[in-house]
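Okay, here we've got a single chain as structure tokens, the form predicted alone, with questions on binding and movement later.
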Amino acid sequence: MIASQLPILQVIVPLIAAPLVLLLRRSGAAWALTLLVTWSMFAIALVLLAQVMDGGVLYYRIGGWAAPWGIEYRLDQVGALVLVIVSGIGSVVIAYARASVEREIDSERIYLFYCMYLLCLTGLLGIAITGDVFNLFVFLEISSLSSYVLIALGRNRRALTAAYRYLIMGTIGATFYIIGVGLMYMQTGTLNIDDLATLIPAVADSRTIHAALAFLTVGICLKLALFPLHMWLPNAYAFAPSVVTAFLAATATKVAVYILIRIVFTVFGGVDVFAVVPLVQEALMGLALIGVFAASSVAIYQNDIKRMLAYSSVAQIGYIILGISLASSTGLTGGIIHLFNHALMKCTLFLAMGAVFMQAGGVSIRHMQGIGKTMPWTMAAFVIGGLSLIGVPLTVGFISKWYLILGVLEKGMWPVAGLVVLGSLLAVIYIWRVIEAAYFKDPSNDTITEAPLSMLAPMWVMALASVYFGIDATRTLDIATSAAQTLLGGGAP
């Protein structure tokens, strides 16, 4: 009986736990409850992924009402993979969080952090599992509103400004999305994803549907921070508490990319979007490549490492969108696998910076001087994450970029393949700046000591995962390839 209720439990359990945290108020009890909930969600996500891989698309009808009259949850391979990414990252980050949160958030607000964390987790999990485009909007707003609060909890007053900018830009993105949903509803009379996939081909040539796709694409690209719609992201990541940055960098933008994949390849799956709407494919590919080089170039000149990694995230999103824009099995596989791989590597890097901030009081290049000697385990994890970001063999980054290059070469786009490699070389420059300061300069503060084990253990779980899934990528590639082939099949299954 419980097994059949797992899809709804993914959303209901963290949603109910959030107000319970408010009642607990004590930070220790709030952390323990949040830890229990997140790891439970991770276990459920793994079970659901196994069910989907064995039995195909999973449906759950709330209240027994059949769609489109009732609300339906729908889970396929790519959705199940996103559930695992979000719940897995959420579980590891919260295990790391207790010491870091006590250092970076005022004690009287710590219980609010755990409440907002659970609400954000609820929204992100709900996006991955819902089968309704309006409920997707609802979950998107739950995750976004809680994200604004999480960012604003930072002690630096500039966190408030960053959260406000994110709120404005996020609201614009959500407005564009809901306008697109409204236009689709006007033409089809349904909000169910499978119904839309069935009905849209009949009206695909109408200007209303073209306008809907335009609004949806712009709104989602703003949420996922595709260049040049990324201006909210650097400050949000730089001034948020370190735990918040690690969680959002590894999950929020990935879920937004998932929404774009769902709209393009499922809702519009019965239509060749890139053929019906001129220049969409070229625009996405062009912006993705420009984003890789523009963001990487800006990252090279950043002195704040969190800000540097934020611009790096914009560049990595460019790689994912490049894979999507190829609209081929290999290219889409590369984009989907990079969702998973980038979550691992970026979470590792931001967790390392959270440990440095706690021990050194900052994460500028000046604070990094000699820290490889005083915090060897933390910086070793950072190096592994950095090598993954570059795409060195035996790391997850290599797997992603290899498939992206294969996808580009299948299309005969040799210059684009060269640009992918060149973009990776830019990552060498900004990662090397940190390594040079950490290992080849004398410590600026001899009193700095290694981070506590409670922070090192989760950090190294992510670092080792970045190596393990780079050496043995069979399972993740099987999931990504199966998801890509299903998505390219078009329409409802």
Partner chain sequence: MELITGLFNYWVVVFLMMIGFYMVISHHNLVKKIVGLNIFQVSVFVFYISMSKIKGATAPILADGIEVYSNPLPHVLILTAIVVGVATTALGLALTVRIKDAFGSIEDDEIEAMEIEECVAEDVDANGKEASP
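Bear in mind the structure is a predicted one, so any value in this text is a computation, not a measurement. Positions refer to the first chain, counted from 1.
The discussion below concerns the form predicted in complex with the partner chain, not included here.
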Sole residue of Phe398, Phe293, Phe176, Trp377 within 4.5 Å of the partner chain in the model of the complex, by heavy atom: Phe176
One residue of Arg307, His210, Lys373, Lys411 in contact with the partner chain, assessed in the model of the complex (non-hydrogen atom, 4.5 angstroms): Arg307
One stretch from 398-406, 120-128, 95-103, 178-186 that, in the model of the complex, holds residues within 4.5 Å of the partner chain by heavy atom: 178-186
Distance check, Tyr164 to the partner chain in the model of the complex, heavy atom within 4.5 Å: yes
Contact of Thr253 with the partner chain in the model of the complex (heavy atom, 4.5 Å): no
4.5 Å heavy atom contact, Phe274 to the partner chain in the model of the complex: no
Contact test in the model of the complex: Thr171 vs the partner chain, heavy atoms, 4.5 Å: yes
In the model of the complex, residues of 104-131 near the partner chain [heavy atom within 4.5 Å]: Arg109
